[in-house]
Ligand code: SAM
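First, one chain by itself in C-alpha cells, the form predicted on its own.
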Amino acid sequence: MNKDYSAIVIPAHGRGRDDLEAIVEQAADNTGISPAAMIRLLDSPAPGLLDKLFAAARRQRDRNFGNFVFLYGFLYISTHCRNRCGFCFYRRTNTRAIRYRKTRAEILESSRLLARSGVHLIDLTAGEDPRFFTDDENGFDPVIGIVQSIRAETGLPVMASVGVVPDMILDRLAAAGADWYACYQETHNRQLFDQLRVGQSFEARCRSKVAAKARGMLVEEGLLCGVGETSRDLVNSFDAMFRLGADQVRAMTFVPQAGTPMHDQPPSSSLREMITIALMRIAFPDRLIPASLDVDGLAGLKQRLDAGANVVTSLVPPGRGLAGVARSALDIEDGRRTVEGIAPVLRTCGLQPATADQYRNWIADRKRTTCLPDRRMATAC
C-alpha cells in the first residue's frame, strides 16, 4: 500500500501569484499542493492568499469529517526526564522546572474526570522518566497498569506519549490497550534535530514509530515551528510523515523556555504554525490534525480550527496540579482548558464535539485501512 509522496500533490504551473491562487483554490477539491507551492506559501504569506488556503483546508476537513471534532484529555503524569532537549522546559538539568510524578490514584481520578467531561481519548504524557527507563524489565509496570486501568474504568482509548521505549514495552503497551503511540521527531533535518534533541538518536526515534505501527498501534508525529527550520525542512517532514503512514500529524509553535539553552531565542509568530496546519490538512485530508491549547491557550483555538485542525488537544482538568508543555500553566486552573471552556469557540467555528462512538469507529476504520510504513523508514526517515 506504499506509494510515492508525489501521488498526493498536484503540480504547480508557473510562478505568478495568480497561478498560486489557482493552485490553492484547486486544493479545496483536490488532494495536495506541490512542494514548491507549499514553500512559497510558507515563505511569503499574503493575507488574501492565506484566507483562500485556510478556506481550502476547512473544506477538505468538512469533506472528510463533517463539522465534528475530537477532544483529547491530557495528563502529564511525570515531568522528570533523563534527556537534555534544548527546547524543553523539563530537560534534565533545568532547575526551574516543576517536577512531579503523579500517583496511580491521582491519574485514574483525573482520567475519570476527563471521561465524564466528554473527552474522546486520554493522552498519558511523560518525559523519559529515569524511574521507568531502567535496566529492570519491570520499570514500565506502573505505566502499563495505568493504561489497563484507564481502559477498564473509562472505556476511552489511550495514547502513550512516554518517549522512545524498547520494542518489548511497545508490545506490552499494545497488549494493555493503548491505541496510540506519540513520539515527535520535531524536525527531519538531522543537524537541527541534534540541536533540539541533544545526544539522542535520530534513527532510534524513527524506528520506535515504525515498530509501533508494526504492532497495530496508531502513530502521531509532530513538528516544531520557529526553531530555525526552513520551509523546505517542513515540507520534507511532510514526506517523512507520509512514508511513516502517520495517523495523526501536528505542528506546534516553539515557545522559549526559562532555564534552557534556547531561552533567549526570539519567540515566533504562530502564523507559521497555522499555515503548516492548513498545508497538512490539504496534504493529509483524512488524518487527524490537532489544535493544541498548549501554545496560545483558548485565545488561539479558533485560529487553529480555522486552519483545518479537527482535534482539540491538551484539555486539562483544573485543581489537579497538572502541567502543560509549551506553557505549563496557561488557562488550566481557571477552567478554560476544559470541554466546557472550549464549547463557545467550537460553536463560533460551526463545529461540535463528535460522539465517543464516532471516535472509536474512526480508530477502528483507520486500523483496518492504514498503510504500513515505507521500508526505508525502518532505517532512516
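Each residue number is its position in the shown sequence, starting from 1. Small disclaimer: the values here were computed from a predicted structure and weren't measured.
Missing here is the form predicted together with this ligand; even so, the following discussion is about that form.
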Partner-free chain; cross-checking this ligand in the model of the complex, the single residue of 217, 144, 88, 115 with a heavy atom within 4.5 Å is 88
Though this ligand is not shown, can you say which of 56, 41, 354, 325 has a heavy atom within 4.5 Å of it in the model of the complex?
325
Look at the stretches 274-282, 302-310, 181-189, 238-246 and give the one with heavy atoms within 4.5 Å of this ligand in the model of the complex.
181-189
I'd like to know whether residue 252 contacts this ligand in the model of the complex, with contact meaning heavy atoms within 4.5 angstroms.
yes
Should residue 110 be classed as touching this ligand in the model of the complex when contacts are defined as heavy atoms within 4.5 Å?
no
Would residue 297 count as a contact of this ligand in the model of the complex, using a 4.5 angstroms cut-off between non-hydrogen atoms?
no
Although this ligand is absent from this view, report whether residue 197 comes within 4.5 Å of it in the model of the complex, heavy atoms only.
yes
Taking this ligand in the model of the complex, which residues of 91-129 have any heavy atom within 4.5 Å of it?
125, 126, 127, 128
